[in-house]
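The chain that follows stands alone, in the form predicted on its own, written as structure tokens.
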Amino acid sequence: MKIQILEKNDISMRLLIEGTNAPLMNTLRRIILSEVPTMAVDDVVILENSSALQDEFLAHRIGLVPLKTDLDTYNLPENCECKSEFGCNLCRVSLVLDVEAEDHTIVVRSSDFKSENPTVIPVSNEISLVKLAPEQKIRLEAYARLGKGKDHARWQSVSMCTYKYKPIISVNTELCNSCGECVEACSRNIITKTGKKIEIRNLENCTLCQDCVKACQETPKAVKSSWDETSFIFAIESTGALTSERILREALNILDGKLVEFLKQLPVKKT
């Protein structure tokens, strides 16, 4: 297997993975979506809420706020030694929200949360929660725990995780008359015209829509579009709870652990 990084930052990553197959890519995608743990609020104690938003809706909104996650410090509740339904400082983080609108309307945002751990905070300060009219108040305690996307979407580590076959586009120079129809049909600017020459650029951005092939007026077609079934472009976009690289590493570790467990379950062949 050969891996090439096409794009990478803390939030997103695109990889070109060669020498593998679709089942493995789909396995990795499903693990990222459902098994990589992140921190999210799953328990809210509302002490006072005089806003127009009901308690249940407010708690639901808070639960969907992505939180920066420290996987090295906290345990999954089922793996924590405390074995308590209330949790401890190794598996739970408390966040407090205490906001009052005095003489003018205000918007309560994620930045108003006060966390007992400054590393576990909302990924953005601009997430709107509720609007308070003058003299309205919200006072509550929220408890965040590690969880997995397979249990609830609030714990999904990514907002997007996809893969596609590596595109293959070729232009037969003997058949092509450089009319430029395929260039105009390509919405992603994959096919360009330089002078009288048709060129292929940024092939990884191709969506395999086949518009370039349909636009070609030659018979047989001068433009051919297909894909490599052993090469894939794999893309991740994090919610911000974890970096894109950490998500991929965690997913690979989880997959490795599953394979080890599978091998343990295989019956021993007697000789």
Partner chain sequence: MIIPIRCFTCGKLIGDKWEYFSRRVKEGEDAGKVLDDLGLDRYCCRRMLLSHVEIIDEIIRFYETGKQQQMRPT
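Residue numbers count along the first chain shown, from 1. Given the structure is predicted, the values throughout are model-derived calculations rather than measurements.
Unshown form predicted together with its partner chain; subsequent notes refer to it.
A single residue from the set L129, L97, V120, L146 has any heavy atom within 4.5 angstroms of its partner chain in the model of the complex; that residue is L129. Among the residues N172, S178, T192, S124, the one placing a heavy atom within 4.5 Å of its partner chain in the model of the complex is S124. For the marked spot (A52, R61 and L64), a heavy atom within 4.5 Å of its partner chain in the model of the complex is present in each of the three residues.
Just one listed stretch, out of 85 to 93, 164 to 172, 71 to 79, 132 to 140, contacts its partner chain in the model of the complex at the 4.5 Å heavy atom level, and that stretch is 132 to 140. Contact annotation: D43 falls outside 4.5 Å of its partner chain in the model of the complex, judged by heavy atom distances.
In the model of the complex, its partner chain sits beyond 4.5 Å of every heavy atom of S225. Although the partner is absent here, T105 sits close enough that one of its heavy atoms falls within 4.5 Å of its partner chain in the model of the complex. Using a 4.5 Å cutoff between non-hydrogen atoms, S159 counts as a contact of its partner chain in the model of the complex.
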